[in-house]
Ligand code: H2U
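Coming up is one lone chain in structure tokens, specifically the form predicted on its own.
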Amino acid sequence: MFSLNDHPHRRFNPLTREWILVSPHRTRRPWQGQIEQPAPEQRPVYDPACYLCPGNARAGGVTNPVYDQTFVFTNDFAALLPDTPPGEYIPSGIQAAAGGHPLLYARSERGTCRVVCFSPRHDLTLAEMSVDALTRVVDVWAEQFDELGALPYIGYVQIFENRGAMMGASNPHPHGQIWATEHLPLNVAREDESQRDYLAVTGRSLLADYLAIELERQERIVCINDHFVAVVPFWAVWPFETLIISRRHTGAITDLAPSERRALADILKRLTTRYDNLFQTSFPYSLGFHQRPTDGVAHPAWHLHAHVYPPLLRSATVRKFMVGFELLAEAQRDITPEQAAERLRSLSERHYRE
């Protein structure tokens, strides 16, 4: 008889409408691939060479204030600029492709990028910060979402954190980024369409219905509180990927009541602590919130959630690469979401370094 835990199968992601190949039997194969060396765990409370620490000069020549809590500044080397002139690139004589766009086509993109230093302490991570300090970070995210989303040329605000050099973080100081864009990014646009279509057909939130299934089945839930749930999604691609979903159907962090913001801080601390405890290391990941667009139009289909994508597979030195079949055909994973959830759920919420 077919078994999700034993036999190859494909799972459907209703948010992006993509498929993921799951091959649970492959977890028994030996590993002879690349071995990464873990980064040193000990860092000072203050690093005079760090361009994000309080009072230090940044790479762009600006000196940070001596901040004592969360600190935000515009990225000195921003990927998006607010003064980009509007324009299109369409070479003459180029035929139109399906959908009406030319085969060679580009258009300008305005925006801005900000850096959020979570703490003045150089040695902390989200997992090692207090819930009070993390609640302040959530409040700053909400303030930035409101401020940037109110700009007339901004259509979407992407809040995210890259944790660890393995995920491209250029500095170990606890920090994240906010990129505000003129148009909806590709992955957000896919989720936007899926959620709108689901609401039109059912009259309900896609993620609210999905969360109800997870709460009933209790197979993939990692941790939970009164306002948020962290779950390994049924369609997870990364080995220990998780999805943080608000229990109330709301579209953005700015809609959260003070108790809900604190609950979000609580679930972030509990989940990231479990990640660190999994392999007894400062766990690398990319974390990002998906929220309603900021184009001034109502978006009742949008349901606040965050994706967490960690690359580690078997240990602190073995990571999952997106290569071969995954780059050329479709995403594939070996460990099932149910197995990943069980491993994360079984871990302590007391940080291994305490």
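Numbers for residues come from their place in the sequence shown, where the first is 1. The shown structure was predicted, so the numbers you read here are calculated from the model rather than taken from an experiment.
Just so it is clear, the following notes concern the form predicted together with the ligand, a form of the same protein that is not shown.
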{"query": "Exercise: Ile154 in contact with the ligand in the predicted bound form, heavy atom 4.5 Å", "finding": "no"}
{"query": "The ligand contact in the predicted bound form: Val115, any heavy atom under 4.5 Å", "finding": "yes"}
{"query": "4.5 Å heavy atom contact, Phe289 to the ligand in the predicted bound form", "finding": "no"}
{"query": "Contact flag, Asp76 vs the ligand in the predicted bound form, heavy atom cut 4.5 Å", "finding": "yes"}
{"query": "Candidate stretches 125 to 133, 200 to 208, 249 to 257, 169 to 177 - the one whose heavy atoms come within 4.5 Å of the ligand in the predicted bound form", "finding": "169 to 177"}
{"query": "In the predicted bound form, the residue from His299, His305, Arg43, Arg58 that sits within 4.5 Å of the ligand by heavy atoms", "finding": "Arg58"}
{"query": "One residue of Asn277, Gln144, Gln158, Asn162 in contact with the ligand, assessed in the predicted bound form (non-hydrogen atom, 4.5 angstroms)", "finding": "Asn162"}
